[in-house]
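Have a look below at one chain only, the form predicted on its own, in structure tokens format.
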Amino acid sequence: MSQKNEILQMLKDEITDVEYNRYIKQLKFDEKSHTDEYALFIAPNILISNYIKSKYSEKIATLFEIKTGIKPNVEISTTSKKLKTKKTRDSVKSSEKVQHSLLNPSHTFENFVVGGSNQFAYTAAKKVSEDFGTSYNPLFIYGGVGLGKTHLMQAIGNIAQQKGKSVVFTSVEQFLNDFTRHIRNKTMELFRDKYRKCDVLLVDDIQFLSGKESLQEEFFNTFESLRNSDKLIVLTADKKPKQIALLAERLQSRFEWGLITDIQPPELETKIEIIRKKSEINRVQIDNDVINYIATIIENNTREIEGILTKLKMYSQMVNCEITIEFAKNALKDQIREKKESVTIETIMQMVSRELNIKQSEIKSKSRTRNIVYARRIAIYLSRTFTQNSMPQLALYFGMKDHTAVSHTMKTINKLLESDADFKLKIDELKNKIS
């Protein structure tokens, strides 16, 4: 085994298979330019090059030192080049635009699944990636955890890097750590150079500025400097600017200067498409039954999907068998919470009302409107399935004539479950949300 392969094998043992196969495995070692002081790896494109450079170049250099006793300067590039002296290396480095990003190359617009819950945010992000600051500056994307805010933000950053722009992607936590370290070391000029001289600033989880007065002051000045230079700013948070507690009013107002857009939890169809897309990216072979099953057991946080797919792939390789629906159910049984001991009709009614956007009072009414009848039948079915209430008790609760009406509803639902795959999928999703 060559020295280069030994080094990368050592790295493989310390990172996930997904990271290794997606990025590190694509590197080619430039044997001709290799010296004790210098190691060049060729990446297939600029996105992968920047990602590995930011995340792994120092680690690779350390592994060289462990293996050979000498720590080289590790370069990740898209082209071959021979650097013989320190002077040459320094001149090349100074001629390249410094990238402070840690962007994930797989976070692209092509890999983002668009649905009704995120259509507007996707369209806005695409527009921003085309004109970089001439419209919608800043772009403020808010929503719950794992809904795709960071994916859209990094998609903008990846396109910016492809176009030769300098990009800084950071979280408020990292911004704070940098701020604190540079104050302590009395190197604030370097801090400001990093954050104020880039073309695109991407900041995740801006809500964590809350209550940090000195940090808010520094971020305000950074924002002003970039905005006055027509540089693009993209921010994400879990809520609107005005809903972020203890955030300076002048920051709130500036965050609202551009465009504010939200991402809602994905509907079932979008979750299915996200799972299908991620299974293709991660090379996990699963059929529609398994995809549909995963869609029903995950909550709104689509970030769970990668972990589930990784687990299924790992388990299937361990036992050398295909990922069938039975295999998936067994492998993922710990993903499904045990059924609550005290599920009530009221609990079910709240959930059905929220999920189907029908008022509880309408579900209990005598209305024969199609969507209300649909919601009422589902509420009755779930109440009969998850609670100890008898049919006469359910009839009384839902204002029906007698228990035979409840029995008729149960028969209707059971027929639909057998004949309508989409309906069954929706029921399975609701069941898992109750469980």
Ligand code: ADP
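Counting begins at 1, following the sequence as shown. Treat the numbers as computed from the prediction; the structure is a model and nothing was measured.
Same protein, other form: the form predicted in complex with the named molecule, not shown, and the subject of what follows.
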### Query
in the predicted complex, does T347 have a heavy atom within 4.5 Å of the named molecule?
no
### Message
Just checking whether R283 would be counted as a contact of the named molecule in the predicted complex - the rule being heavy atoms within 4.5 angstroms.
### Response
no
#### Entry: Contact label in the predicted complex: N111 to the named molecule, heavy atom within 4.5 Å
yes
### Message
Please tell me whether any heavy atom belonging to M314 falls inside 4.5 Å of a heavy atom of the named molecule, as the geometry stands in the predicted complex.
### Response
no
### Task
May I ask you to choose, among R303, K359, K333, K239, the residue with a heavy atom within 4.5 Å of the named molecule in the predicted complex?
R303
### Message
Please identify the residue among V145, L190, C321, L246 with any heavy atom within 4.5 Å of the named molecule in the predicted complex.
### Response
V145
### Summary
The stretch from 323-331, 149-157, 361-369, 168-176 that lies within 4.5 Å of the named molecule in the predicted complex, judged by heavy atoms, is 149-157
### Query
Any chance all of K212, T222 and R254 sit within 4.5 Å of the named molecule in the predicted complex, going by non-hydrogen atoms?
no
### Cα separation of K313 and S54 in the predicted complex versus here, shift of 3 Å or more
closer
### Direction of C-alpha distance change in the predicted complex, V168 to Y56 (at least 3 Å)
farther
